[in-house]
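Just one chain follows, in the form predicted alone, and it is written as structure tokens.
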């Protein structure tokens, strides 16, 4: 299963690769990273249909925000599950994300056990 992680902070790549190293090693999970909303859309458009089945995006990014990306993904690729992450667990962003079709909303620091459960549920 291919998952796209979108965050303008490049250090998240190392963190995700470390936290999911077992799943990556066994071939159950392939992680792809985008460092902007536009780069994420480019990756999703590479194949038709996209090979990515799950997008995990930060909300606060320069340029296209995660909420803008969420709306574009849900419009263009309605079958792709999208979860959002924010450093701020504010109700406004949560409500906007869920209303726009987000499957889940996480706050930083990421609870990787919860995220792993979310991903495992998609695999089954």
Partner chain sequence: MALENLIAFFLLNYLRKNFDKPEPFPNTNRLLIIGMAVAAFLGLLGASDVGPRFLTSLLSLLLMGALIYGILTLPSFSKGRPIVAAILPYVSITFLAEFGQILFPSTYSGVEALFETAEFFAFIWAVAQWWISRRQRKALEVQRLIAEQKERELVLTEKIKAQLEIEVAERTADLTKQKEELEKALTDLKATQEQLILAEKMASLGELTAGIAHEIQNPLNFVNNFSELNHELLDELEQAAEKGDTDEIKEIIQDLKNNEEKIVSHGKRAEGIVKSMLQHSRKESGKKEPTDINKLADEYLRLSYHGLRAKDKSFNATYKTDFDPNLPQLEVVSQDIGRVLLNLINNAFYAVGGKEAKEAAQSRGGEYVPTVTVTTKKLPKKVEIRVIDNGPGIPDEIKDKIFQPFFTTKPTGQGTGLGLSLSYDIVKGHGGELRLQSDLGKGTEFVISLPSI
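Numbering follows the first chain given and starts at 1. Since we're looking at a predicted model, the values are computed, not measured.
As for the form predicted in complex with its partner chain, it is not shown, yet the points below apply to it.
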Notebook entry, point to check: Any chance all of 14, 108 and 112 sit within 4.5 Å of its partner chain in the predicted bound form, going by non-hydrogen atoms?
Noted result: yes
Notebook entry, point to check: Ok, 29, 34, 52, 59: which has a heavy atom sitting within 4.5 Å of its partner chain in the predicted bound form?
Noted result: 59
Checklist line | its partner chain contact at residue 78 in the predicted bound form, heavy atom, 4.5 Å | finding: no
Notebook entry, point to check: Could you tell me if residue 42 has a non-hydrogen atom within 4.5 Å of its partner chain in the predicted bound form?
Noted result: no
Check: Though only this chain appears here, would residue 103 touch its partner chain in the predicted bound form if you measure heavy atom gaps against 4.5 Å?
Finding: no
Checklist line | residue 68 within 4.5 Å of its partner chain in the predicted bound form, heavy atoms | finding: yes
Next item on the list: Taking only heavy atoms into account, state which residues of 18 to 54 are within 4.5 Å of its partner chain in the predicted bound form, ordered by sequence.
Entry: 18, 19, 21, 22, 25
